[in-house]
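The chain below stands alone, shown as C-alpha cells; this is the form predicted on its own.
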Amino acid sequence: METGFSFRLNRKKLLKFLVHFILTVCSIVVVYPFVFMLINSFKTGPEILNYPMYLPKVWTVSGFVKVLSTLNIPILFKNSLLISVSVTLLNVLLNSMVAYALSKLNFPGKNLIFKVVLGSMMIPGILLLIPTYAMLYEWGWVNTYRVLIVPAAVSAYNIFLIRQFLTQIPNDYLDAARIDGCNEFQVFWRMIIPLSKPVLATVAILSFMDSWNDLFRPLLYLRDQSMYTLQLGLYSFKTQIPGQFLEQLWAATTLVTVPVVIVFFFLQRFFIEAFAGVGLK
C-alpha cells in the first residue's frame, strides 16, 4: 500500500518536472530572438558580423544615436501610433457590436450572415488585392491614412472570436438589464463591454500587433515619406545601410519591437483569460 502510494507520488513529481521543463524550453525558444536582437543592438557593426552569438565586448548605444539622427523617429512613431490605435479602437468597438448582434439578438438571416463572415475567412486576401487596390484608387484613398485604417476596422476572425466568447454570457443577465429599462445599446455598453474585457483585450492586442507590424499595405498604398510608418521607414532605411553599420538596423528593429512588447505586457492577463475561458465568474 505504501509502495503504491510512493510510486504514484514519484510519478506525479516526475510529470510535474517534465511539464515545467517543457514550458521552460518553450519560453527560452520564444524569448531568445528578442534577447538576441536586444544584445546585438548594443554592439558595433563589425562585432555583429563576426560575433553575433556573444555578448558585446564593449556596450555601445551608437546604433540608437545614429538611427535617431538619421530617421525621423518621432514622425514615424506618430504615424504608426495613429494608424495602430485607430485600427485597434475600431476593431474593438465595431467587431464587438457585430458579435453581440450575431450572438444575442434574434433577427432574420442572422445565421446566414454568420456563415458569410466565416466564409470570408476562407478567401485568401491576395485574390482580392488587385480589385481592392483599384477600388481604393478610384475613391482617392491611396496615400491617405484612411486607406490603412478603414479596411482594417473590421475583422472576420475578431468577430468570430468575440461571438464565441459572448455565447458564454448567460442571457439572464441581459434580460434582467432589459427589465430594468435598458435599451439594446445600454445593454451592450453596460453589460456586454464590462463582461467581455478579456476577449476585447485579446482583440486589442491582435489588432494592434497586426497594424503595427504591417509592412505590405503601407508599402503598397503610401507615397509621401511624411506618412511612412515605422515598418516602412525601417524597410527604406535597411536598403541604405552598409554591412559594417548593422548596429543601426538592430537598434531600429529594437525601437520598432518595444511598443508591441509593452502592449502585450500590460494586457497579457486578459489575453490568457480569453483563451482559457475564465472571463466569467
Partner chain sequence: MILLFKKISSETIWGYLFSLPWILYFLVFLSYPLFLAFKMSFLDINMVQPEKATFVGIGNWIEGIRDPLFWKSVFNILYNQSIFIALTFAISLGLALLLKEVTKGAGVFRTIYFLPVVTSVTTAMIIFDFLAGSGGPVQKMLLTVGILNAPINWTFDKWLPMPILAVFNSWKWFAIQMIIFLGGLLSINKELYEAAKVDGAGKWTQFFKITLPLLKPQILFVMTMNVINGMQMFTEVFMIFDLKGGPYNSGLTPVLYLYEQGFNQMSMGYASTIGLLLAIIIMIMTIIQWKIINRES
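Residue numbers count along the first chain shown, from 1. For the two forms, the rigid core is made up of the largest set of C-alpha atoms that agree within 1.5 Å on superposition. From a predicted model like this one, the values you see are computed outputs, not experimental measurements.
Just so it is clear, the following notes concern the form predicted in complex with the partner chain, a form of the same protein that is not shown.
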Original post:
Heavy atoms within 4.5 Å of the partner chain in the predicted complex: which of the stretches 68-76, 152-160, 194-202, 81-89 has them?
Top reply: 152-160
Original post:
Taking 4.5 angstroms as the cut-off for heavy atoms, does residue 133 touch the partner chain in the predicted complex?
Top reply: yes
Original post:
Any of the heavy atoms of residue 246 lying within 4.5 Å of the partner chain in the predicted complex?
Top reply: yes
Original post:
Heavy atoms within 4.5 Å of the partner chain in the predicted complex: does residue 20 have any?
Top reply: yes
Original post:
residue 166 near the partner chain in the predicted complex, any heavy atom under 4.5 Å?
Top reply: no
Original post:
Quick one: which residues from 22-40 get a non-hydrogen atom within 4.5 Å of the partner chain in the predicted complex?
Top reply: 22, 23, 24, 26, 27, 29, 30, 31, 32, 33, 34, 36, 37
**OP:** For residue 29, state whether the C-alpha moves by 2 Å or more between the shown form and the other one after rigid core superposition.
**Re:** yes
Original post:
Core-aligned, is the CA shift for residue 48 between the shown form and the other one 2 angstroms or more?
Top reply: yes
Subject >> CA of residue 253, rigid core aligned, shift of 2 Å or more between the shown form and the other one >> reply: yes
